[in-house]
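Taking the form predicted alone, here's one chain by itself in structure tokens.
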Amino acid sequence: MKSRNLTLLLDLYELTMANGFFEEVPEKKGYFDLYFRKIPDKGGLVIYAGLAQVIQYLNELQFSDSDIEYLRKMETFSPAFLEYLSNFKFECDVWSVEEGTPVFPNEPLITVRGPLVQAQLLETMLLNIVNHESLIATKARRICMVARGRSVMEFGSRRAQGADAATYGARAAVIGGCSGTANVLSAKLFGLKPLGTMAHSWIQSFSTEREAFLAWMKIYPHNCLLLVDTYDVLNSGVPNAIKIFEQLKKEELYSNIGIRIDSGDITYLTKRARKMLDEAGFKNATITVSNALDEDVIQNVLEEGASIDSFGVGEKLITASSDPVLSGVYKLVATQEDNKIIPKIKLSNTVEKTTIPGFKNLYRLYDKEGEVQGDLLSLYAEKIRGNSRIFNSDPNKTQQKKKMHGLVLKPLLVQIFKQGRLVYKQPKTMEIQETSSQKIGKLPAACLRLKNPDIYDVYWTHQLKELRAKMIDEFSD
């Protein structure tokens, strides 16, 4: 996407706090974790997405002359602070989980360390990016999972909440498993496969449906995918499509043929259409369906025996309409003074809103066969040994303690920026999709279920568990 100045896309209190930090503690460093509290749709996992856009945002972070002039007219900020912003140079360290990784509640997806005056400014935009793209990638994974290996095409641009939601949402959908997108801009920017057929307006533009199909065949003989529900799927659309395919067969151009159905009883229509195509000798003709699909509809029609080769999924994917919010937050977890890290905690009346203090590491635990056994949160400087005991973060789990014996730790957080300099090479989107699928395949099957998934095991080290308990007691007195 063409570079835009999005520096002021932040909440006002980020600036007022940053101004305060600049005036009172200009050199003080803070540690912030970005994480989410709840999995959408009562699912088993979230697919992390948005890192590429986070990197672009941080690389381009600067205050323009017009930004400074606007802030000056507010008469809120000190002249020295505005001067600092006018010469802004990003100096933070940033760690992140890699895109496409399946992640779980309360795990740090991004950790930022740097001057409080800078790290505080990042909250709004980082949450905006990660909450949106991870939400769409997660919805796409649910949909692609129930499609049982059939292609799922992202068709949602016309119903997305704005151009950015359409463009970056399409990328996130592909990370989540979609085979491509109808959004040509997204396909161009991110190396995705552009996909599509025709709209009803093409059929309506001609005197008859058959004339419309003939015209399409002449223009696109090597990609003849015909929309058959403008008038009558079984009595008009499919019979006319078969006549076109017969003509292509005579010319030996029928290797990529198919129909799309965008309305009606999907199960009944696809079964009948498949029978008609097969009896006419076109077993290779594909059937694509669209029209307000989601994981529940797709699962139902496939269980009913619908004959479908691919799905075009639009509004319910690009808006994640069944649960359209990922509850991501950006919280201060530590400060640093004279090279000493001081853990910080935010208490709440509810456990889920009480933060996990300290600068932390996140690991994925594997057994000797390479299967995932859970995740582990530790304090950054901890040394974890084979005889270490770890503790389940979910108090409802029967097995509360576990020994590290025989488990292999793989760090999930990698450094992205070092003192403001990018040190990470971002993979291409389709590479992310492939590695994401591999990572999902190693997870326990019980947490992958669409309905009533098992809660994935996230463990804490004894040191982290004790630190949190101690701080809760300290501030509860």
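Because the structure is predicted, anything quoted here is derived from the model rather than measured. One-based numbering along the sequence shown.
Another form, the form predicted in complex with a further copy of the same chain, is not on view; read the next lines as being about it.
Engineer: Residue-level contact is defined here as any heavy atom of the residue lying within 4.5 Å of a further copy of the same chain in the predicted complex; does A306 satisfy this criterion?
Structural biologist: Output for A306 is no: heavy atoms all beyond 4.5 Å of a further copy of the same chain.
Engineer: With a 4.5 Å heavy atom cut-off, would you call Y268 a contact of a further copy of the same chain in the predicted complex?
Structural biologist: Although a further copy of the same chain is absent here, Y268 would stay clear of it in the predicted complex, with no heavy atoms inside 4.5 Å.
Engineer: For G281, is any heavy atom within 4.5 Å of a further copy of the same chain in the predicted complex, or not?
Structural biologist: Looking in the predicted complex, residue contacts with a further copy of the same chain do not include G281, since no heavy atom lies within 4.5 Å.
Engineer: Just checking whether K218 would be counted as a contact of a further copy of the same chain in the predicted complex - the rule being heavy atoms within 4.5 angstroms.
Structural biologist: K218: contacts a further copy of the same chain in the predicted complex.
Engineer: Please identify, from 244-252, 99-107, 376-384, 344-352, the stretch that has a heavy atom within 4.5 Å of a further copy of the same chain in the predicted complex.
Structural biologist: Selected range: 344-352.
Engineer: Though a further copy of the same chain is not shown, can you say which of T111, S134, N361, T197 has a heavy atom within 4.5 Å of it in the predicted complex?
Structural biologist: None of the other options qualify; the answer is T197.
Engineer: Just one of T335, Q299, N392, N256 has a heavy atom within 4.5 Å of a further copy of the same chain in the predicted complex. Which one?
Structural biologist: So the residue touching a further copy of the same chain in the predicted complex, by this definition, is T335.
Engineer: Across 319-346, which residues bring a heavy atom to within 4.5 Å of a further copy of the same chain in the predicted complex?
Structural biologist: Result: T319, S321, P324, V325, L326, S327, G328, V329, K331, L332, T335, K344, I345, K346.
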